[in-house]
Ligand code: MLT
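Here's a solo chain for you in structure tokens, the form predicted on its own.
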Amino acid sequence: MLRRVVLAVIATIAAGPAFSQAYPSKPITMIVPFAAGGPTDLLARIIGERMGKELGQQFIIENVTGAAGTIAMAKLARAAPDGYTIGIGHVGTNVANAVIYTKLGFDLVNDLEPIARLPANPMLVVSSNNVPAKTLKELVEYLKANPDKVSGGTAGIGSGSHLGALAFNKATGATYQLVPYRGTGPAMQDLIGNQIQVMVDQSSNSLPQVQAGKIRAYAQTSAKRSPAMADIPTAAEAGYPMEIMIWNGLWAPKGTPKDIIDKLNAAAVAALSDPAVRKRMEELGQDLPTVEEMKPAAFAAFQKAELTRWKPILEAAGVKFE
């Protein structure tokens, strides 16, 4: 009897690596904190499909909307740390919200495991075609002349589009009425229809609409012009220095085994190394991270540095939500 127990223990230990190598043995759910059709959702679907091919399992996209991504991140933090539930987010959902939302019930930095840093989006200052302004200077003058008549969409307090709006207001001194949506996908449809008039939105969501002639672009918020939108001036060139990039990333619940994090990271690196994926990212005006920047430890350090950077900015703006 004792001999059988010992042999069983030895067999279990020997099989350990095999069990680890078996991951993933079923589909992986990727939680997206905004509605379908927006920039985060688009990135999730492009990256998730390619990661699924790399890992041999389907990635299921689950859109969990509301409260600028905090509901989605709370669900991710509570999920089993087994590698079968991961989440995508960005500087708004996983940095700004840590400052803005004071009663989350979980820690956005310490209760999630960084997997990989993903591409960053410059933002575009855009309007509906009904707005008469043709340049950024004219748009600023128009907004200052009509402070109560112009509305603009965001994906909620703390979202990337909200951070963009704050940066725009600070750089130009102009304001407009902010209308929260469950994602900038729905907001974009209202912008095209002139239900709202202005947005500061990620290029991956707004550039295709600009190229289709459905909305007007005034400036991009990168330090230099993106090759994908070389005909659109930077905000600094247009006379209003404003540099903001919405970086994205992947996270898992705290306690997810390191070997699983490493496999997910390797799949994300492979996805962004794929020429077809890189071309698609570049067409959307996105800035790709290096392999070194994508490593979990490097991404964790970057996230903490971004929290240090954004905390005084958000506190000075007085943005808080109980």
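Don't overthink the numbering: it's just position in the shown sequence, from 1. No experiment lies behind these values; they were computed from the predicted model shown.
Beyond what is shown, the protein has a form predicted together with the ligand; the following relates to that form.
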Using 4.5 Å between non-hydrogen atoms, is Gly183 touching the ligand in the predicted complex?
yes
Taking 4.5 angstroms as the cut-off for heavy atoms, does Leu250 touch the ligand in the predicted complex?
no
Ser206 near the ligand in the predicted complex, any heavy atom under 4.5 Å?
no
Is His90 a contact residue for the ligand in the predicted complex, using a 4.5 Å heavy atom cut-off?
yes
Thinking of Leu112, Pro114 and Thr256 as the candidate spot, does the ligand come within 4.5 Å of a heavy atom on all of them in the predicted complex?
no
Which one, 171-179, 158-166, 133-141, 229-237, holds residues whose non-hydrogen atoms are within 4.5 Å of the ligand in the predicted complex?
158-166
Residues in 38-62 with any heavy atom within 4.5 Å of the ligand in the predicted complex:
Gly38, Pro39, Thr40, Asp41
